[in-house]
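Next comes just one chain, in structure tokens: the form predicted alone.
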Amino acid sequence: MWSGRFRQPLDPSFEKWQRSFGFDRRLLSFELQASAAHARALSHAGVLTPDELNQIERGLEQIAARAESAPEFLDDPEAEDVHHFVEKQLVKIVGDAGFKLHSGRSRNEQIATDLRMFVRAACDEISEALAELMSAFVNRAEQARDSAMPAYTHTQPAEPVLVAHWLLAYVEMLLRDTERLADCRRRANFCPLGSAAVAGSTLPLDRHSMAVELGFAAPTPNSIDATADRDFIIEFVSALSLLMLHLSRWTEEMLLFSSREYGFIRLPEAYSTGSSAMPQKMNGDLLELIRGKAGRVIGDLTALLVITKGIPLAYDKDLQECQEPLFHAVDVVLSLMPLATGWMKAAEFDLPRMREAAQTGCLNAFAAATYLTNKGVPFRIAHELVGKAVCLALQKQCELQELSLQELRKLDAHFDGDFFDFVKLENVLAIHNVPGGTAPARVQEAIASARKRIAQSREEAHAHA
């Protein structure tokens, strides 16, 4: 494609080493779509005759059909990249008319366009997988009904919450991930076609028509930026890194809660493995691998940042190195999302044990302080009084509600007989009756809201299909 300038052949090792077709072949479908749009723009500009356009369109369709029916078709040891491969095959099919397709364009704009189309499609696919995972969380939350468990701060038991409230916390994380993907998609959705190598095409191409035809919002506004920009990739992989961070936090908690010391969760056998040495073991390998793969996706983001941080405008060959971290991050996320969803559907919660844990360890202490506050005691003083009551309960090896009224009144006269009902589990949950709180009525509202928001995210993803 560029040999006319050179008097000597490339070193064979370098020529093979610098190729990208081994990994950018996965962009073939986007390359063919973009090439067809460019061909039609060339026809409208008078560069291609109607017959040449027809030949090129049919040739591109044949390449797509053959690649789908015979994967070995892509095993081309001579193709430098996906763009070279398409041109080679097109010329084989239609002859010299295939060479005219490259009029007024550059591989710099082609790869920028293909990658934007890839990121768009990946955003939609991952958003759909996220909707499935979030629905699994919401279903489990609904099934848990009024079951309670301890919530933790500083990894120490803090207050009772509904199991559903705990599960919905992960839904909120994943909804933010979905929103980030949608936002990233909007910023990526501008078409570089017509930017050429750096200064813009020398032909009067209708950039707006090409953009609309390919589903973009508009053409990119600056040809230099269009060929140099990889922000959309970095932003996308950053969103995937946050998603993996959230999944890693989830796996960590599931692993802890499935340990004998907690006993809140029974690992599903279909997603676990055993030990080659210890017959009794069942290990949460799916969870551990997701936790480990989070590090690799975060590594992909780091690689992208380091690759691009020192590149001057506009296109430089370093940018070719952005593709493999992008592809890897997408492959990791798409491969594990259905497995995480399957795990979430199959795991068993020991709801009685969780409820028991929610009623031990003086987890109703904040509610007890609230009781005194409702009686007119300033909160700081109420906090200190209940702290003393907790010390007494620990000394007696009992719970707050097991102290006698006489013992409580020695601490403060505001304690009365209604205290014991106030600090029962059901009331402790119910008094958190604010939007976003764990009161049962609020949690039911949150479940309904989550279902609505998941449906909206699905609709948005499907609208792009």
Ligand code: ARG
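Counting begins at 1, following the sequence as shown. It should be emphasised that the depicted structure is a prediction, and the values quoted were computed from it without experimental measurement.
What comes next is about the form predicted together with this ligand, which is not displayed.
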Using heavy atoms only and a 4.5 Å cut-off, determine which of R180, K100, R107, R120 is in contact with this ligand in the model of the complex.
-> R107
Taking this ligand in the model of the complex as the reference, which of Q320, S147, T373, T302 has a non-hydrogen atom within 4.5 Å?
-> Q320
Quick one: find which of 281 to 289, 147 to 155, 166 to 174, 108 to 116 has residues within 4.5 Å of this ligand in the model of the complex by heavy atom distance.
-> 108 to 116
Distance check, S457 to this ligand in the model of the complex, heavy atom within 4.5 Å = no
Give a yes/no on whether R185 approaches this ligand to within 4.5 Å in the model of the complex, heavy atoms considered.
-> no
Answer yes if any heavy atom of D81 is within 4.5 Å of a heavy atom of this ligand in the model of the complex; otherwise answer no.
-> yes
Should Y315 be classed as touching this ligand in the model of the complex when contacts are defined as heavy atoms within 4.5 Å?
-> yes
Check each residue of 9 to 28 against this ligand in the model of the complex and list those with a heavy atom within 4.5 Å, in sequence order.
-> S20, D24
